[in-house]
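To begin, one chain is listed below as structure tokens, in the form predicted on its own.
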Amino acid sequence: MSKYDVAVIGSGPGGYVAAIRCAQLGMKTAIIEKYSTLGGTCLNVGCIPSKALLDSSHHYDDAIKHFETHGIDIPGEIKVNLKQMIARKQAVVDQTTGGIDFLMKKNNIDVYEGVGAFKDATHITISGKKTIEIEAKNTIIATGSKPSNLPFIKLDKERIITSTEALKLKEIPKHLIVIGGGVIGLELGQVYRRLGAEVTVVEYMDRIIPTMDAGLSKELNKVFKKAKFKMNMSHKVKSVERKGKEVIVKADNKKGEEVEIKGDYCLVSVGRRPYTDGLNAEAAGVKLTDRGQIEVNEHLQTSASNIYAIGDVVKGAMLAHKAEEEGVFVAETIAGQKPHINYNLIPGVVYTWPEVAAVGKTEEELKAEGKDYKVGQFPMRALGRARASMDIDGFVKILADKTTDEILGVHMIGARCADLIAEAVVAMEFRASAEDISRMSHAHPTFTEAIKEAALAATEDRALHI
């Protein structure tokens, strides 16, 4: 029987990063993955493939809408080759997962393919092509999440689908119905809207991306309506039925009236659930919460002292970079170090176009806390860089403490906001004030100038270009 200092169950961003950090710290490490490729949901059927399709569809959208304005004439009709688009997506996935294989070899991490299940707190049975058992002083559970569903919806994975199937369709839908106005539904909805599908979003809450700042929701909703999305807020879905190639969704609107929507595909995107199937957690003395998450303390330690859990399977935002931070945190904790994570400073991003990004407190949260704050906001359309690239939608909003001027939250929507948000994270990590950012030189012309201008606006309304 092979013995390890640490065994990691699950090879997503949290799991493989935890394994690498453990190996770097001198621990003999194994990683267990049920699928034949490493990388988990993010690399195989989540973050990476969805961004590949978003990028490809963005190129097509630019070609048919903006090339002529830029002085680029393409003879003949511009067509979508969906098969090639999906193939390119898969090539990106293959290259990325292959990179994880390389990192495992580089760091001398033993990889086991199969389902890892606890026999007890220090022994794990791995059921794959053959069944083996390993012993581990410490175990890190990083089994991630799976798409959630509504109890009355039968997913046939052909016409009534999850995000996994949406990444490999063989045709462009004529009318894609998206149940759920969160990150995943909006990103994939935008992919197929760009490619020519009619898209209808059905959301239970009164706004899309409901966990983010209300101003971002309002602006993104405006952009989507301009792109001819049909947006149905405050709609409670009550049935989804397939008849041949047609899918019929019935929902009650906020007045209690029944609404019927017909399409040829329905993407069910109502969140994700922690995945612990087959783990046999109880055999190791690992407790789960009533929400199906693994119960952990402030050290991400489970009810079994030598077993830890990270990522989507524990409380908190289901984000790949949050899982990575937790993976490093646990590895260093096992090694006897004193790591730290500031959960308030883990950014959230929506990779639509315009991109949406945020870190820290929303206005709604500050109001609920009774916190006195001030707001500085600057529109992207006032930037020379935005006009040069025709990306004028959106804004940057900075929330700062009314007394101390410390930045409490930064919320932005616009081109490259997924990258711009890092400046806000760095500033807030060092507890910067809005004035600190306003006094820093930002290159011109860039989108980052909107952050400086929003900071100026938050300090005695000193924005220069509005």
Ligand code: FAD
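Here the structure is a predicted model, which is why all the values come from computation and not from measurement. The first residue of the shown sequence is 1; numbering continues from there.
Form predicted in complex with the named molecule: not shown, discussed below.
For residue 9, a non-hydrogen atom is located within 4.5 Å of the named molecule in the predicted bound form, even though that partner is not displayed. Of the heavy atoms in residue 341, none are within 4.5 Å of the named molecule in the predicted bound form.
When contacts are judged by a 4.5 Å heavy atom cut-off, residue 190 does not count as touching the named molecule in the predicted bound form.
In the predicted bound form, at least one heavy atom of residue 277 sits within 4.5 Å of a heavy atom of the named molecule. Contact with the named molecule in the predicted bound form, judged as any non-hydrogen atom within 4.5 angstroms, is confined among 327-335, 142-150, 129-137, 86-94 to 142-150. Only one of 30, 45, 400, 427 comes within 4.5 Å of the named molecule in the predicted bound form through a heavy atom, and that residue is 45.
Contact annotation for the candidate site: 40, 115 and 320 all lie close to the named molecule in the predicted bound form (heavy atom within 4.5 Å).
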